[in-house]
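Here's a solo chain for you in structure tokens, the form predicted alone.
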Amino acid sequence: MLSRVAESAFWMTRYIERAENIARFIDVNQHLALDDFAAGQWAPLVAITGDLAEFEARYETASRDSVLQLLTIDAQYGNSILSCVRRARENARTIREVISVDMWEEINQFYHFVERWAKEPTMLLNPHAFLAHVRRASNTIEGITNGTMSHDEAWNFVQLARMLERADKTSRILDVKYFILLPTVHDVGTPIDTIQWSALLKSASALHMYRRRHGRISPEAVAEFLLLDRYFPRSVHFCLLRAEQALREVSGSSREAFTNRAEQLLGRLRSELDYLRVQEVFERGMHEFIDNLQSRLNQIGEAIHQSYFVGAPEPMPFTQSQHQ
């Protein structure tokens, strides 16, 4: 397979998944702000992306509208939903001979939908419908991809990209709770705290599956479910297991060996999560753990680029979270 084709398939998928997950962690703040649980907490939402400095250079205040503008329809910001969907479509356009017709048509419709909403002056007044459609469109594209694209090397790069992006964004959604929605000591264990954790689980489409597995909501159980669960498709551990499987399908190596640095880094991180307990995460510090996780996911992305895509400029990743 040409490295150009592999890279386009990889970044097409990462940008679609990124757009969906941006919509997800906006929803965490948006829904809670309606109930005054996250009022005034919009600037840290940008800090979660690692792009707070860029935001402050272009916007005077971190208001609800300015943050939503940046993250949804700001064409100059490389990680806005609008920019992600544009880049996804451009990558898809260059590999139309590899992806299915149904995939191209759905991605193209997604692009035109976002373009129309970006020109709608009332979009920021009620972004829920827009964000919900972004999530549905991404899920639809994922289903069409799995059902209509040959499960060959290109498909494995698609799976690898989706799982790495999803692992990163699930960790960032969890960071939203700990550094934007963290209650006072007096709120811990109260109905307010429970509502916040429920909203967090909803943003990851995880509430129902979580209740089936754990029942009562507690911070430790939520963190364990989103970070370490082997069966929930948006947990970090599940994503790394599937990403490693896809990468080994590409390289043809066995689990007992690795052929490049990307496999080594991914396998090491996955194996650590195999034996990690959530109590160790809390002892170390949730924020410190997530920062380290995001840094290592970026290293894996860079190693994949060096191993498979050398010769073409690497697209913009999400930078590591900069807040302390």
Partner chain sequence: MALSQYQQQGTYDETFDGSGLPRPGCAALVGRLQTLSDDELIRYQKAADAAMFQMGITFQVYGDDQASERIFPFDVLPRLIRFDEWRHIESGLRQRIRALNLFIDDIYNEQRVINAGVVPGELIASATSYREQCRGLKPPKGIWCHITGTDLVRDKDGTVYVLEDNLRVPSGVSYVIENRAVMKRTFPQIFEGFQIASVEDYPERLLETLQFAAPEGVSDPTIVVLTPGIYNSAYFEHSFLAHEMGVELVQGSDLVIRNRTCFMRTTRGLKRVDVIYRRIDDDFLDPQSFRPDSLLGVPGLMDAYRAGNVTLANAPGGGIADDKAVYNYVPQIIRFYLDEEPILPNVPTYLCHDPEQCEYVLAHLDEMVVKPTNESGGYGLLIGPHATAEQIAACRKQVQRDPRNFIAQPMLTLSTVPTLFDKSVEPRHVDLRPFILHGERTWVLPGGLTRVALRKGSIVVNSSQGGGSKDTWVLAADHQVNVGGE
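All of these numbers come straight from a predicted model, not from anything done at the bench. Numbering follows the first chain given and starts at 1.
The same protein also exists as the form predicted in complex with the partner chain; that form is not shown, yet it is the one meant from here on.
- Residue Thr94 is the only one of Thr194, Gln245, Thr94, Ser205 with a heavy atom lying within 4.5 Å of the partner chain in the predicted bound form.
- Checked against the partner chain in the predicted bound form, the candidates Tyr111, Tyr210, Phe238, Tyr77 yield a single residue with a heavy atom inside 4.5 Å, and that residue is Tyr111.
- Taking non-hydrogen atoms only, Val101 approaches the partner chain to within 4.5 angstroms in the predicted bound form.
- Shown alone here, Tyr308 lies within 4.5 Å of the partner chain in the predicted bound form, counting heavy atoms only.
- Among residues of the shown chain, Arg86 is one whose heavy atoms approach the partner chain to within 4.5 Å in the predicted bound form.
- Although the partner is absent here, Ile173 is not a contact residue: none of its heavy atoms lies within 4.5 angstroms of the partner chain in the predicted bound form.
- Remark: none of the three candidate residues (Asp27, Glu220 and Val278) comes within 4.5 Å of the partner chain in the predicted bound form, counting heavy atoms only.
- Across the options 124-132, 224-232, 137-145, 245-253, residues that bring heavy atoms within 4.5 Å of the partner chain in the predicted bound form belong to 245-253.
- For the stretch 142-160, the set of residues having any non-hydrogen atom within 4.5 angstroms of the partner chain in the predicted bound form comprises Glu153, Phe157, in sequence order.
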